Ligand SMILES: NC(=O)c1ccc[n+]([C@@H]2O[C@H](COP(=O)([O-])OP(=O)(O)OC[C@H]3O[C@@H](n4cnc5c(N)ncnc54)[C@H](OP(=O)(O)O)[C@@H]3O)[C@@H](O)[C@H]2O)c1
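One chain comes next, on its own, written as structure tokens: the form predicted on its own.
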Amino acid sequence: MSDEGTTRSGGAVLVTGAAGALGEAVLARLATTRRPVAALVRSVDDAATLRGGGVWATPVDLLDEAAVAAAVASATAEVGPIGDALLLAGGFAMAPAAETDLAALRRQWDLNVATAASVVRALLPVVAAAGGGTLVGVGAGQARRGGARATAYAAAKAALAAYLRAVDEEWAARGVRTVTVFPMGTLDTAANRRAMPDADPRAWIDPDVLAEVLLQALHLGPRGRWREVEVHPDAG
């Protein structure tokens, strides 16, 4: 992994969903870059745990635009200008299409699109003022190839990718770029192992590998970039 001196923008990195399994892997890798980190999490307890590990963290409802804007302002004041963001917050649900009502579709849209959009909206002028940077979202294999029994989730993740593409088209000239990283398989987390005890986790994606890709999106040189990246499982 490149160090702070080779990042595109420098400055602080804002992370949503930092208390999850992927967030834990991302924070561990960010610690090696020596860049300041601001974490937006769901609960007071999660924030306290991260602060205990030396990470600036605050609880915020990502569906509350005013609260998100205030949290971004507080992070900027306390950890410095924000140059990049890793948008890890999201949610998953399974149900056949015939059983997926509009409420379920809206719920997945809120969890996977609105939580990112509220943060992106607050960050755009901040990141541009800091000299530009990269906003990275997490898609899903279902958004690329469809997903039986996960129609709401697949639709929401596809919408997130489309949203980030549009943001990139609007803001790239001002130095704010977006990347969507698509895990094309199941993440090997403790929760997924509990939920699928009969599955072989060797065929799943290591969260540390996905975290490496997410951070690499922030560390590319000035004459090359990604817009969308797929990460596939590899059992070796």
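Since we're looking at a predicted model, the values are computed, not measured. Residues carry their position along the shown sequence, with the first being 1.
Just so it is clear, the following notes concern the form predicted in complex with the named molecule, a form of the same protein that is not shown.
With the partner removed from view, the residue among 164, 143, 71, 88 that has a non-hydrogen atom within 4.5 Å of the named molecule in the model of the complex turns out to be 88. The partner is absent here, but in the model of the complex a heavy atom of 61, alone among 208, 61, 170, 45, sits within 4.5 Å of the named molecule. Relative to the named molecule in the model of the complex, residues 112, 153 and 185 are all within 4.5 Å by at least one heavy atom. The named molecule is not shown here, and in the model of the complex it never comes within 4.5 Å of any heavy atom of residue 220.
Taking non-hydrogen atoms only, residue 11 never approaches the named molecule to within 4.5 angstroms in the model of the complex.
Using a 4.5 angstroms limit between non-hydrogen atoms, residue 192 touches the named molecule in the model of the complex. The named molecule in the model of the complex comes within 4.5 Å of no heavy atom belonging to residue 213. Only one segment in the set 96-104, 144-152, 72-80, 131-139 has any non-hydrogen atom within 4.5 angstroms of the named molecule in the model of the complex, and it is 131-139.
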